[in-house]
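Here we start with a single chain on its own, the form predicted on its own, put down as structure tokens.
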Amino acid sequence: MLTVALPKGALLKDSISLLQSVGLDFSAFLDSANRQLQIQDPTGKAQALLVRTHDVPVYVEYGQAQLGIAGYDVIREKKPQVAHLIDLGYGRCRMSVAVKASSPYRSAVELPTNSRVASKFVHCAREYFDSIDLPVEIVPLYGSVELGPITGMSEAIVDLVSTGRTLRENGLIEIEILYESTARLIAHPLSYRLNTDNLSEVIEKIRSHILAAV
């Protein structure tokens, strides 16, 4: 049976709508009374796993799910061994460097050498600062990274930004955009090559739906 890994949180509703458009219904996950983390499509053709967004590529890479939907930010941070298939276009946000509005720095290269930068995207942050040849100390934080500059623990943060409201309400401003992120369809490489559980048919239906919507 085809298994799809779906992300909890902001991408879930649009992901379920997308799959409904190609004949797979996992809308039971949207029921507030639901506590199941694994459900079958009513037709019995497929099942879905509801997992943390950072875990979607893990389930796909290890073959517990043939397909998955995850943000590009997660895929770029974790660098999983998966097949990258389709940019789904929703869940648009950006990975940015931000500092306190009162800070004198207005671009990342202006940050002092060996500054502290707080982020939950440790590898992306490291990769970016290496690319501009600026030595910094990356401080891993997995809660509200905005508190880094507010408390003085870090000069800057690297984090996802959607509307920018959270930054503004906490007195922070963006000074650099690393990249744009959207939801992506990924697949287990071997399952994709072997067309396990008629995987290619589902993928092509999704691709056609996305192209029709453009």
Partner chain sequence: MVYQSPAGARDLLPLDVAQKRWIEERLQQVFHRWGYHRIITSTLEHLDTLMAGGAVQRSQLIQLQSDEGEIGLRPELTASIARTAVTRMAGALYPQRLYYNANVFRRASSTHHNQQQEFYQAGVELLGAQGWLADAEILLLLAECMQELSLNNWCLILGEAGIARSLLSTFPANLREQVRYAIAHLDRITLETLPLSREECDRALMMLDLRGHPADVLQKIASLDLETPQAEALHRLKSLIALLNECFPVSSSQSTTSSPIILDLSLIQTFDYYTGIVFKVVSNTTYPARIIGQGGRYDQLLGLYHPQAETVSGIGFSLNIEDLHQVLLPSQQLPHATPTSNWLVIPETPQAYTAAFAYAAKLRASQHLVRVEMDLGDSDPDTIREYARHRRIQQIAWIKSEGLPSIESITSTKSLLSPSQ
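Positions refer to the first chain, counted from 1. Remember, predicted model here, so these are calculated numbers, not experimental data.
Beyond the structure shown, there is the form predicted in complex with the partner chain, which is absent from this document and is the topic of what follows.
With respect to the partner chain in the predicted complex, the three residues Q66, R184 and R193 uniformly fall within 4.5 angstroms at the level of their nearest heavy atom. Although the partner is absent here, E127 is not a contact residue: none of its heavy atoms lies within 4.5 angstroms of the partner chain in the predicted complex.
The partner chain in the predicted complex comes within 4.5 Å of a heavy atom belonging to I86. Under a 4.5 angstroms non-hydrogen atom cutoff, the partner chain in the predicted complex lacks H209 among its neighbouring residues. Put simply, V99 is far from the partner chain in the predicted complex: not one heavy atom of it is within 4.5 Å. The contact with the partner chain in the predicted complex, taken as any heavy atom within 4.5 Å, belongs to V82 out of V82, V74, V117, M95.
Annotated contact segment (heavy atom within 4.5 Å of the partner chain in the predicted complex): 55 to 63, selected among 162 to 170, 55 to 63, 26 to 34, 147 to 155.
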